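Read the single chain below, which is given as structure tokens and is the form predicted alone.
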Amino acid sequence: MYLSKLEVSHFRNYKKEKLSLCDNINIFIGDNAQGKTNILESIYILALTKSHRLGFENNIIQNGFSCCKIKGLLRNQEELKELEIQVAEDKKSVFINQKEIKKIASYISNMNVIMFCPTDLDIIKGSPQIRRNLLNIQISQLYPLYVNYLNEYNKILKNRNEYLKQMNLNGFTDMRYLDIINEKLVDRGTKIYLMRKKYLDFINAKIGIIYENIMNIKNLNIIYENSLDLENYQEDEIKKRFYQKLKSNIKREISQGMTLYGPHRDDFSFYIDHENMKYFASQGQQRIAIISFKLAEVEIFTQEKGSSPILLLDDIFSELDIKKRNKLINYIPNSIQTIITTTDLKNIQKKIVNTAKIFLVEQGKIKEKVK
């Protein structure tokens, strides 16, 4: 798949811009703080309805305006779709071929994106919430049902936490309603566990080989750290363990007014052999581990959906030495649409620059460079 046209209105520092993109490599070049990353962000939002910049979504509407729009023309084999998202201060609306889509799950699987950016080190060094968000976003793109399960789980979780707080404040221990909530929570949570396990198994089948080829270091893998102490991911076993955790820890959960076990409390880590990279690996090794993770995702998306995702590369070449840049490039198929930002074309291989469509970015204005 590839995005052939992109249009933004009142988004970040862009008043109105229309772009025609090629189906292979597109490079946006300009100094810092000119709006290069905003273009990648607009594509990310068009695909997923939310920004990759956690905590900065409130600022996407240009000052002085009440809403912004992002529109794109997506080509996927013989199929053509016009995607659009409109963001107001209190509402998001999404459209496919000018028809409003009420369910997000029916929208976000249409355009698949994988993004590399300088802040990706937070995937290893940051909080578990960052890693859970990554899992949730990427699995949602592959399997629309995952969004439904996740939304339902979060609603049930919210109800359960509110009831636990009431039990603590009022001192009552009527377990009948809690049992009903538990049953629903376990059912949706089990589905989430099964889909996360499937996804991470895919990753682990590929990530070690990619990392070894780039870094010449063996045995990188992802370890999922679940709060249920699961070893067996069979459906019946997950449900059994989930119920056991909820039942045996009910007094503690009531006293704290929150649910302490389930996929909302889980994490995953990058390991080489038996060592957690968060604590022993260099920043360079961590960066390549994350790149390997996302390159594995490219293969998974292509395999599972029959078409390649769109790659968004935000100034990552300047972070790598020439040797690693070349090895990274070798993993990007020629058939995949890649959108790159950079401050200097010298950071990118000449043969890539020579075949790319190049855009100059300056103070929220974009101009295609004529070769």
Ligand SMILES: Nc1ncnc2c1ncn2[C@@H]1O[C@H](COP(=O)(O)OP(=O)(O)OP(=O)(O)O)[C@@H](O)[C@H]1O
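This one's a predicted model, so the numbers in the text were calculated from it and none came from an experiment. All residue numbers refer to positions in the sequence shown, first residue = 1.
Absent from the display: the form predicted in complex with the ligand. The rest refers to it.
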So in the predicted bound form, does Ile61 come within 4.5 Å of the ligand, heavy atom to heavy atom?
yes
Interface membership of Thr49, the ligand in the predicted bound form, 4.5 Å heavy atom rule:
no
Please tell me whether any heavy atom belonging to Ala33 falls inside 4.5 Å of a heavy atom of the ligand, as the geometry stands in the predicted bound form.
yes
Quick one: is Asn13 in contact with the ligand in the predicted bound form, heavy atoms, 4.5 Å cut-off?
yes
Please identify the residue among Lys327, Lys69, Lys305, Arg53 with any heavy atom within 4.5 Å of the ligand in the predicted bound form.
Arg53
In the predicted bound form, segment of 24-32, 332-340, 319-327, 305-313 with a heavy atom within 4.5 Å of the ligand
24-32
